[in-house]
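One chain comes next, on its own, written out as structure tokens in the form predicted on its own.
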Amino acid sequence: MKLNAEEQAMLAGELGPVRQAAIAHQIQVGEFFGAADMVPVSQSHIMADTESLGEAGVEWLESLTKNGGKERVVRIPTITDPRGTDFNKAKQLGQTDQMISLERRAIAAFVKMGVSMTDTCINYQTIMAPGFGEHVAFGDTGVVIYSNSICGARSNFEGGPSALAAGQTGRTPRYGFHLDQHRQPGRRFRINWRPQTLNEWGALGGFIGKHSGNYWEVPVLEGVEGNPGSDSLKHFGAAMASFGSTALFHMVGITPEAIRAQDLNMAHLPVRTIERAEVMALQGSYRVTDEVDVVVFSAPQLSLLEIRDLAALCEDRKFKIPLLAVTSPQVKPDADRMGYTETIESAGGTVFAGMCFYQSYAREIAEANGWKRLATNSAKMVNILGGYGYTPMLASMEECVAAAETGRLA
């Protein structure tokens, strides 16, 4: 890889051992993907939940802070994905002291490095959405696909060490979706109907993800009438990334790189028309029982408007089973101030902040609480939770709230 003078100085250790190790890691990643050089990035977003990090990962983070010094501080705005716990309500979930201690150690290490503990996967709705053409180093799949597709920014899926390295060096290898040639569509889809609810948008995204082939096959979708809005696009993209490892999609007339069909090189691509019945069949494949043990709204974290809609559905209800709603630390104070949290919790629900359900030792808390059958409106989450021992079911927000009241999906 071609390195400029500053990058060569980092590699030589002139800017300290941590930056030296960071750029050495980035060079290995770049050479693996055939990157010609580095590209400066303006933001970094780190996935580093302690369930994935484990003891060894947290010890590694701590090792980066041992000697102190300014060179430890990240050079660009560097933020975090959801944590594995909401410290105010960890015991309610059945999380152990060991889990909580590991979280606190990881947070302390990040803070010493100058990382901002935003604890969110919806930073594009809450912190600072990247601008069109802005090169960033983002980790969470939902964050990457939204930033690439809806914002027109440029990022690959950055692993935790790579995102942290980008925060420390202010750059990342120039490959993949940082390059124009990888942003052209490889699969072409069309619909002649419109999803109505967030779960339907998620199911459509999951269907396209399953039929898009691989990470490099950028799908383009035609036939969407009107702008779906941020939350619908959030669920659509997050599910597509989960089911298909997709990092970028185009939606003709809506996403910035596809405002006009002629903006894309897609005339040669065969068109796959997606029928509504196919998408509903994907959703139906997760409706294997009517009994429900727990209802969860998470993955992605809920926006303020989703929390508002959920609160409206919770009015004058009393829940028979737990209902968990997970939002960001930025949204939670507004939800409190506007009375949404009180409405949800008066019905028997619980609003969590700064965590993600499936990154919160989901298998262990299922065993601690006797949860097996889980209802959610997140297509991304149903795709993941089967691997944690759950029987996940995909339904609308309205159906999930009703299930919390009766213990059954209608």
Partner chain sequence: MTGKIFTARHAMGQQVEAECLSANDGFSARYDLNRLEGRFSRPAHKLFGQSYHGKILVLDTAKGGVASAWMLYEMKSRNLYPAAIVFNTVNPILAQGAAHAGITMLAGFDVNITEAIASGSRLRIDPAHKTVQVLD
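Since the model is a prediction, treat every value here as computed from it, not as a measurement. Residue numbers count along the first chain shown, from 1.
Same protein, other form: the form predicted in complex with its partner chain, not shown, and the subject of what follows.
- Shown alone, this chain has one stretch from 188 to 196, 122 to 130, 324 to 332, 211 to 219 that lies within 4.5 Å of its partner chain in the predicted bound form by heavy atoms: 211 to 219.
- Contact with its partner chain in the predicted bound form holds for none of 17, 44 and 174, as no heavy atom of theirs lies within 4.5 Å.
- Though the partner is left out of this view, residue 13 does not reach within 4.5 Å of its partner chain in the predicted bound form, counting heavy atoms only.
- Using a 4.5 angstroms threshold between heavy atoms, residue 200 stays clear of its partner chain in the predicted bound form.
- In the predicted bound form, its partner chain sits beyond 4.5 Å of every heavy atom of residue 248.
- Residue contact check for residue 319: none of its heavy atoms lie within 4.5 Å of its partner chain in the predicted bound form.
- Taking 232, 303, 141, 95 one by one, only a single residue has any non-hydrogen atom within 4.5 Å of its partner chain in the predicted bound form, and it is 141.
- Screening 242, 147, 298, 85 for any heavy atom within 4.5 Å of its partner chain in the predicted bound form leaves a single hit, 242.
- Looking at 356 to 389, the residues that come within 4.5 Å of its partner chain in the predicted bound form, counting any heavy atom, are 358, 359, 363, 364, 383, 384, 386, 387, 388.
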